[in-house]
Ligand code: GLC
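Only one chain is shown below, in structure tokens, and it's the form predicted alone.
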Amino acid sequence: MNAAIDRFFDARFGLFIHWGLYSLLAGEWQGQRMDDIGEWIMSYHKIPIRQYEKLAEQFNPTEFDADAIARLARDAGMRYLVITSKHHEGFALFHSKADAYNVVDATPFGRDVIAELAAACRKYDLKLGLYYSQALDWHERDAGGWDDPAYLPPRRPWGNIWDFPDHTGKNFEAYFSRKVLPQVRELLTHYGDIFLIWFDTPRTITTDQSARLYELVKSLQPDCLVNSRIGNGLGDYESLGDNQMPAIPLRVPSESPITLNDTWGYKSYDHHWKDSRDIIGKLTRLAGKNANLLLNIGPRGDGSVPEESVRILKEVGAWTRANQESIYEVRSSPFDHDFAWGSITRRDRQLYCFLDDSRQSRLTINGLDNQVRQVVSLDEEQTLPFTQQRLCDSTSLTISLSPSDQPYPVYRITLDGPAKCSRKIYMQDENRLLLYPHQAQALLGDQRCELSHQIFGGRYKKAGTASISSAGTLIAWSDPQLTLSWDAWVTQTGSYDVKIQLPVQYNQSPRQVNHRLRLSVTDQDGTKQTHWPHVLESGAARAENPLPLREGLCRFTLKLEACDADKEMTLQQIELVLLH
């Protein structure tokens, strides 16, 4: 399995494709547009099965070109491709003997989409991955999600409760055995080597069923990777939340699924496109954090790829071709924290630094324990001047840069040996200090304790037990006896603005809750305090007063003085910035 994970990391960048009957509707049903993601339109508008099935009779995507899509992915620098072989609507894009509701038997198109993409992937040396919705299926009475109270009318429901409102006698095992297991077997035996199976939304599925599904995959293709959304703590790598960008290098192999606009399935009126610079930035940030980028496109109902998607991918491809050595066959940053100026990947004795602001004139890294031998700009293969000085018991490296017109210029740092960095916390980037939960010492009362780290699916952690999620955030903090502390090196005396950052869900508006937090700092002059009388449930909040700090070693201690009723505190980071 280590070899399969290495191939996963080496690939680094993949194309996600959401395509199905929902693509024909383009986000609109009977004259009403939806304000949600396009592939959920059947649930959003609660379209009866018999009406939705008529879409299959119209599905004749004459513009679908598997060869062109695979070539587009390759030219963008992608090394693998994942397509929705069956999404929640229940319709299969492959020829399935287990269920006739599929692209060959139920449509005038009559062609096996997965077979054509598999052939195109082999032609262009892409690895093939398959998305399969194992629990939700709105075409089936016994499929999962109907028992989850979180999604009920008027919100889009997880299960089909409009055709099947009576829960009595529903039998998920019957559906699972009749359709899911046979179709997964078909996918893993009819289309050659499968790089990964991308399961999703493990509602209703039991631990035993997740285990049986995992064992089936491994029995048929031992090297096929399984993502964590198979459910119940299983999987070979972590699927992060949709559009999630982790704040720190992750402990387990991970992948972030990200949309090019605001939807996954095609919506004709969603023009909120991310530009190529944004995508390149996400790719480099994720690469530096032990995570791949799975970037989604949503073809139209006729099979064509929106022109904006094509343009953006071509622009990204120009950058990946010029900077291949910094992205592929590399591993995450040796540092356990982020940098405000950009991100880092590593290979052997090289570090690759990606700069957010191409007009920046210098770059500083504190806490590098190696001696630097050379710094080169990949864009121009130009050797750059640098200085390296002692800082506490480590070093401070400063590189002089030439402003560039290229997005995300890359700088290769050659070291005297494999990268080593200090375990101490140092101020970085123009006197900016970031304190992360995973770096903290934890005390419960006056006793040292260890916060558990979630391997897969930290979002399913039981309430009331504080731990570090798989994305590096502190979750489920409600015990006022728990305190966090950090020993950090402050590089300049002065007053500092203090901000607390809580995890933000994609497209979610911040909501205020009445947690009360206090941060105490002890430096050479004694103890100072600042506090938050309330914080945001998602987003960021500044402390009431700046903190005066002296240069040198400081201890920062965070206490939860009160927790809002029925709420738990989550923490992404604390940021301190010198006020000028």
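It should be emphasised that the depicted structure is a prediction, and the values quoted were computed from it without experimental measurement. All residue numbers are counted from 1 along the displayed sequence.
This protein has a second form, the form predicted in complex with alpha-D-glucopyranose (GLC), left out of what is shown; the following refers to that one.
Check your understanding: So in the model of the complex, does Trp198 come within 4.5 Å of alpha-D-glucopyranose (GLC), heavy atom to heavy atom?
Key -> Result yes; Trp198 sits at the interface with alpha-D-glucopyranose (GLC) in the model of the complex.
Exercise for review: Examine Trp264 and determine whether its closest non-hydrogen atom to alpha-D-glucopyranose (GLC) in the model of the complex is within 4.5 angstroms.
Suggested key: Yes, Trp264 sits close enough to alpha-D-glucopyranose (GLC) in the model of the complex that at least one of its heavy atoms falls within 4.5 Å.
Check your understanding: If you check in the model of the complex, is Ile37 within 4.5 Å of alpha-D-glucopyranose (GLC), heavy atoms only?
Key -> Ile37: yes, in contact with alpha-D-glucopyranose (GLC) in the model of the complex.
Practice item. Decide whether Asp242 counts as a contact residue for alpha-D-glucopyranose (GLC) in the model of the complex under a heavy atom distance cut-off of 4.5 Å. Key: Result yes; Asp242 sits at the interface with alpha-D-glucopyranose (GLC) in the model of the complex.
Practice item. Could you tell me which of 349-357, 301-309, 81-89, 478-486 sits within 4.5 Å of alpha-D-glucopyranose (GLC) in the model of the complex, going by non-hydrogen atoms? Key: That would be 81-89.
**Study point:** Position in contact with alpha-D-glucopyranose (GLC) when the complex is considered in the model of the complex, options Arg229, Lys289, Arg74, His438, heavy atoms within 4.5 Å
**Key:** Here the answer is residue option Arg229.
Exercise for review: Would you mind picking the one in Pro257, Gly472, Gly159, Gly367 that has a heavy atom within 4.5 Å of alpha-D-glucopyranose (GLC) in the model of the complex?
Suggested key: The residue from Pro257, Gly472, Gly159, Gly367 that makes the contact is Pro257.
Check your understanding: Relative to alpha-D-glucopyranose (GLC) in the model of the complex, which residues of 111-146 have a heavy atom no more than 4.5 Å away?
Key -> Contacts from 111-146: just Tyr131.
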